[in-house]
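To begin, one chain is listed below as structure tokens, in the form predicted alone.
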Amino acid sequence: MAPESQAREQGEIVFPSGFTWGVATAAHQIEGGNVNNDWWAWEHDPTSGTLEPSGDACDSFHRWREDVQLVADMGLGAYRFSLEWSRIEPAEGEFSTAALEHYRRMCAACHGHGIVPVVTFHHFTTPRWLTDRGGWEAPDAPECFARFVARATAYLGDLIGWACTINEPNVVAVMGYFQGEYPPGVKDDFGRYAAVNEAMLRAHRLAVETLRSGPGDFPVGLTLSMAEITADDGGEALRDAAEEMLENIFLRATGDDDFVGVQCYTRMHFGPDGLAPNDPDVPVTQMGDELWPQAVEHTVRRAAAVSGRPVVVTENGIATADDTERIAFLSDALRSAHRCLAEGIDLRGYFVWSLMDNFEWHLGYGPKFGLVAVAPGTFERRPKPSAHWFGEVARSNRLPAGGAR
């Protein structure tokens, strides 16, 4: 009997040959000391509502070799991390060769371990020199971003495995220009919010063109925050409007991109008056979100249908202090992902958020998403049982019977 047939008989779920298994991080959330970007300024503004500053974070700017080794020890095939724009271009038009060399060494180390470096060019943070003159509302912001992408790609493009242009542009816009919880803290300004959406769409298209014209040959796409958006009684029109503004306009803009990255965590409800409360019968995570791992299949299906592109789950995970709960969540999420594969959807990989517990933006260090714990003060990395479990799944390319063990 063939191994895959035997595995199915035993209740195991087998993933396709070549399926990519990875973990994700972001520069500002793990590096520490990113003093030249808008988030550093925002988190130190006592009126911003951010619970605590990022400080040294996980000290990953210095301890990145340990982080790559953690990925290798789990047996994963890919590591998604971001470039900190404000380190590479600390002043307008002034580029740091030392910073570029730092990220080149990271890419090279990944290759040395057989790990695909998945490089994100913008993960929420923007240099202060640009935010000082309007940030994403500056008329030339997309061109500034494309210039940064060109310089970075010229230096390390030959080592890039995959490229993600912008991480969750929909979150940058809605949280910064509508809900006011991210910089620059604008609330309920639909006109500015829509304009920033358009600027980020243009920046993405310019970045794709730039990446494809530089050195290297790698898949290019964007990553989008998605949720299972549902309508309570009377909420159908607002649900449809939310899907359009939060997701569809970005999915349709993927054009001839090589993939779309889906980043999904939960379910959202819309009623006749707007965003509605969670279902009281569903447990919540440390983020206050519904614990809803089956959001994976809903979002992957929608992304594939609207964009027509291959899909990668570039982020999925749970904020919890209970690692047994994390393993159960990831197991259910992977079963959800596998149902998409069984339907013939071109789903090419799955990345857990996150490699390690880190700075979760306005919520500080409270939410624990990591497969690896980081000791405050010493920065000692301590893999949790979920790290060993996920590594076993990745190495075997299958989910064991029962999912979690």
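Note that the structure is a prediction, hence the values are computed from the model and not measured. Don't overthink the numbering: it's just position in the shown sequence, from 1.
One more form of this protein exists, namely the form predicted together with a small molecule; it is left out here, but the text below deals with it.
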W292 within 4.5 Å of the small molecule in the predicted bound form, heavy atoms: no
Proximity of Q29 to the small molecule in the predicted bound form, heavy atoms at 4.5 Å: yes
T153: touches the small molecule in the predicted bound form, heavy atom cutoff 4.5 angstroms: no
Heavy atom of E360 within 4.5 Å of the small molecule in the predicted bound form: yes
Segment assignment from 101-109, 325-333, 117-125, 241-249: heavy atom within 4.5 Å of the small molecule in the predicted bound form: 117-125
Whether D38, W85 and T131 all lie within 4.5 angstroms of the small molecule in the predicted bound form by heavy atom: no
Listed residue (V282, M287, A194, V306) with a non-hydrogen atom within 4.5 angstroms of the small molecule in the predicted bound form: M287
